[in-house]
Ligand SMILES: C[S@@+](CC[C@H](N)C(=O)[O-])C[C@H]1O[C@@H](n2cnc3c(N)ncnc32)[C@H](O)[C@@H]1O
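Presented as structure tokens, the chain that follows is alone, the form predicted on its own.
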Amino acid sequence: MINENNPGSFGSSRGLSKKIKKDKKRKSSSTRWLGRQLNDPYVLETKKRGYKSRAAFKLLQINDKYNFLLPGLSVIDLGCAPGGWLQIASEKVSSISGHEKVLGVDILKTEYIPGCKSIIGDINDKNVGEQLIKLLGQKPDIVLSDMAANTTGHRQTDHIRTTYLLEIALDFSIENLNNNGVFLAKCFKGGTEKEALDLIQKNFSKVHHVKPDASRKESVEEYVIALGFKGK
């Protein structure tokens, strides 16, 4: 059930207890994943609302808490596919006079989303970053990154690879954000992220760690939101 006062949150999810029949052709890990999907209220509500991914609720919930996606602000979403965060950002900041103020980039194609533009590219390529700024026509007020490396099953390896993506997103933000801008990115706990977090503390006025309700409890995933970019 949706909490109408907080559209990113849910009430009770009782009644979601579908059991998945075992299939000899399907791995047990696949069966567990399928069970989670079928019993996840966020997956069900994602389909109902027409969001591109359940990750849209993570951004909704973080924004409910920090209220940083405001009308008229410009946003760049790094690793935007399939587009769930683009949808929420566009809803909140809204386009002005037909000029898209929400841009996304990913190595995968993102289907068109009203009020947004997206390009295919690797943000680790400096030319791609320059292309984003040129398309936006200004420095962004907000940089988002829900990037995470494909998991290997080895926690420390996955942590290091995702921390690398955090560092790439942070470098882009420090290079391009407007003064007093906002940076929000996925951050896995594990130890190697300390250097990146120290750099965030140095360059922003306020830094918070947040784990939205839409992040699964068993996941090491959390987010770091940095407010008040101090400028280069």
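Remember, it's a predicted structure, so these values are computed and weren't measured experimentally. Start at 1 with the first residue shown and count on from there.
FYI, the form predicted together with the named molecule isn't displayed, but the following is about it.
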Subject >> Contact assignment for the named molecule in the model of the complex, among Asp141, Asp106, Asp158, Glu100, heavy atom within 4.5 Å >> reply: Asp106
**OP:** Using heavy atoms only and a 4.5 Å cut-off, determine which of Leu136, Cys116, Val93, Ala81 is in contact with the named molecule in the model of the complex.
**Re:** Ala81
Original post:
Thinking of the named molecule in the model of the complex, which stretch from 200-208, 51-59, 170-178, 65-73 has heavy atoms inside 4.5 Å of it?
Top reply: 51-59
Original post:
Should Leu165 be classed as touching the named molecule in the model of the complex when contacts are defined as heavy atoms within 4.5 Å?
Top reply: yes
Original post:
How about Gln131: is it within 4.5 Å of the named molecule in the model of the complex, going by heavy atoms?
Top reply: no
**OP:** Would you mind checking 119-140 for residues with a heavy atom within 4.5 Å of the named molecule in the model of the complex?
**Re:** Gly121, Asp122, Ile123, Asn124
